[in-house]
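The form predicted on its own is given below as one chain in structure tokens.
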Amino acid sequence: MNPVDNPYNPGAGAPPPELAGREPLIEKALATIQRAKAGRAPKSMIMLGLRGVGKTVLLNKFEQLAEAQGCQTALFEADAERSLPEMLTPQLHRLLLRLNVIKRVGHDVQKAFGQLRAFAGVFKVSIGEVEFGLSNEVATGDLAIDLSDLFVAVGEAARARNVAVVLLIDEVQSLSRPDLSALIMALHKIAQRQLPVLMFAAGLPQLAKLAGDTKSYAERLFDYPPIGPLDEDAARSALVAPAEIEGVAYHDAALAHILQETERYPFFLQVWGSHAWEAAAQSPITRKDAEEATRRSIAALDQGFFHVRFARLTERQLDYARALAEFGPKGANSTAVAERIGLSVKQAAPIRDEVIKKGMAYAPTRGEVAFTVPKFDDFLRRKMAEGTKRGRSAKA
């Protein structure tokens, strides 16, 4: 069928044409935003899930909801190569400029600007080529204290204008432990003051433990909704609804095949749906079209989505990942993986930690390890099989 009319959108973080199965979470986020705007001590949220479940899509949706409610927003992705002050300062600067436009009387925004200048100065942050000047406000150089003071100043400026500030942070597990600790402490201070500052964040499953290990009260400070595969009805809707708009249907056998192959992960549904559309000559999309979509999807994922992650691993990390892959998608006991590569648990532990820090694996429970990328075990087994075939060909 005509690729121009293809309704599916398999890009990273790109909104799907049908955001199916997430309605309860979206409704909860809207209620939380409205509570923040009303000054009713909102509880911030950290979404936890594997790659490809739609966490980034939901953050973007929450930003739209917040802006529709008249809130001021700041959205960014945490980067392990940058400090929290580097990432947060330009976002808060832009947000304060917008707050300043709302109401030009009073000194609350100017105080917040001063606090931001002091914060940027002590942590040596600049925006573009322009460094922040001197400020009458005080910064100590202790990130937890200074970030708390900054958030309070921003929150007071927002409250004076009857608006809420919504921070949206993706990949939060990439923050260093001191930065994560300071962020949690600052949000705790905001909650105690009942100021209209709210955070929606997203990260890999290990984030809840990281936050709890950093500050014990983090488990009470945030809601941690798990974001997983869609249920069967929602997964069907994610495939069928966009196609119906274009006048295209699916055979039941085609749908069943795609749901099985994708395991109902939202990103994979978009990938398979896109390839099924292009494989089909006409409506309805058949089981044969779906099987061709599987072949094309796996080839595309192997060359892009999976290969990018594969290339980030060192040789010893790859050895660990290959051993883990042999246990299947649910992961394995760390001891069993260590034994598979001929190491003691103590010897394998640093390698395991490296793979986790790179965001490729996590610990579902104590002593367990599993991949954060769905179907990555399948990919690694295909790579190992290819290597075996090449070895046999070379010997021949």
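Not measured: the values here are computed from a predicted model. In this text, residue numbers run from 1 along the sequence as written.
This protein has a second form, the form predicted together with a small molecule, left out of what is shown; the following refers to that one.
A heavy atom within 4.5 Å of the small molecule in the predicted complex is found for exactly one of 57, 29, 348, 355: 57.
This chain appears without its partner; in the predicted complex, the one residue of 207, 230, 95, 180 with a heavy atom within 4.5 Å of the small molecule is 230. Of the candidate stretches 30-38, 360-368, 340-348, 48-56, only 48-56 contains residues with a heavy atom within 4.5 Å of the small molecule in the predicted complex. The putative spot formed by 114, 118 and 121 is not touched by the small molecule in the predicted complex; no residue has a non-hydrogen atom within 4.5 angstroms of it. Interface membership of residue 377, defined by any non-hydrogen atom within 4.5 Å of the small molecule in the predicted complex, is ruled out. Taking non-hydrogen atoms only, residue 238 approaches the small molecule to within 4.5 angstroms in the predicted complex. Taking non-hydrogen atoms only, residue 171 approaches the small molecule to within 4.5 angstroms in the predicted complex.
Contact annotation for residue 13: at least one heavy atom lies within 4.5 Å of the small molecule in the predicted complex.
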